[in-house]
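One chain comes next, on its own, written as structure tokens: the form predicted alone.
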């Protein structure tokens, strides 16, 4: 019951601060833009419009959803401590783990609502224009939205871990931006460089799989751009889908671990922190 009260508090606060509105409008606006701009030539090349949208939104999610997740979570703990509201909250009969879990679920609900509604607008726009939407593409789209929420949950958890460890909001924000750059941009560029230099001499398939699972961004990318044949072919990643032994359940488990492990460490750090 205490957890649900805190969830409701976080959702109400996000609505009051217009986080819900801003995130939903941003995702919906970009999704609609990609839908109308990206699906225009599909009639000439024989590609289904929704498959184009899935590839476009997956690429958008990789950059945007982690950033939104880190922005709403980086000061979840340290921010309330600086404002003194955490001390007031803990004066009630509520455990610290309940506070952290309730805040996490509240922020995840905000991110999930914005993602589902924003990306759902893309399917609605395609349906309104009379585009053909088959069951395979619709299933791939539903999987993309669901995995996008789980992908965002991993970065919300990472933001909570940072917020539980640092002493001021400025430091938390700086570290989160650095982590976003590392996990979204720098890691893959460095990995591609190493693979190009190695040319298959030292890095085996097992090592490559481990390197891919070591980054939630790569796990998410593989789920959506190689997990469905119709999408992976259009995305130009059919070769990668055949060369990797990572299945969708394994990749989803990796994203779940990227959520639970940082959240568990954040709960441990928060439990030992002095107010």
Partner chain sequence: MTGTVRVSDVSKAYGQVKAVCDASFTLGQGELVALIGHNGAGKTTLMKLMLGLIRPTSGSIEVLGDNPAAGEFAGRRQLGYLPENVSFDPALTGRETQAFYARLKREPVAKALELLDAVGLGAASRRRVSTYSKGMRQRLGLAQALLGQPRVLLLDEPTTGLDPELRQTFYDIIARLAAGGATVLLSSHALTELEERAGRVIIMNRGIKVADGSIDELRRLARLPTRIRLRVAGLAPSEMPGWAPKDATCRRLNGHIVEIDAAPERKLELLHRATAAGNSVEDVDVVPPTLDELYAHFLRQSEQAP
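Residue numbers count along the first chain shown, from 1. None of the values given here were measured: they were computed from a predicted structure.
Another form, the form predicted in complex with the partner chain, is not on view; read the next lines as being about it.
*asked:* Which residue, 194, 89, 203, 142, is the contact with the partner chain in the predicted bound form, using a 4.5 Å heavy atom cutoff?
replied: Contact residue from the list: 89.
*the partner chain isn't shown here, but in the predicted bound form which of 199, 135, 85, 129 has a heavy atom within 4.5 Å of it?*
Contact check passes for 85.
*Sort through 115-123, 151-159, 93-101, 185-193 and report the only stretch with a non-hydrogen atom within 4.5 Å of the partner chain in the predicted bound form.*
Residues of 93-101 come within 4.5 Å of the partner.
*Should residue 13 be counted as a contact of the partner chain in the predicted bound form, where contact means heavy atoms within 4.5 Å?*
Residue 13: contacts the partner chain in the predicted bound form.
*For the stretch 1-21, which residues lie within 4.5 Å of the partner chain in the predicted bound form by non-hydrogen atom distance?*
Read in sequence order, the residues that approach the partner chain (within 4.5 Å, in the predicted bound form) are 1, 2, 5, 6, 9, 12, 13, 16, 17.
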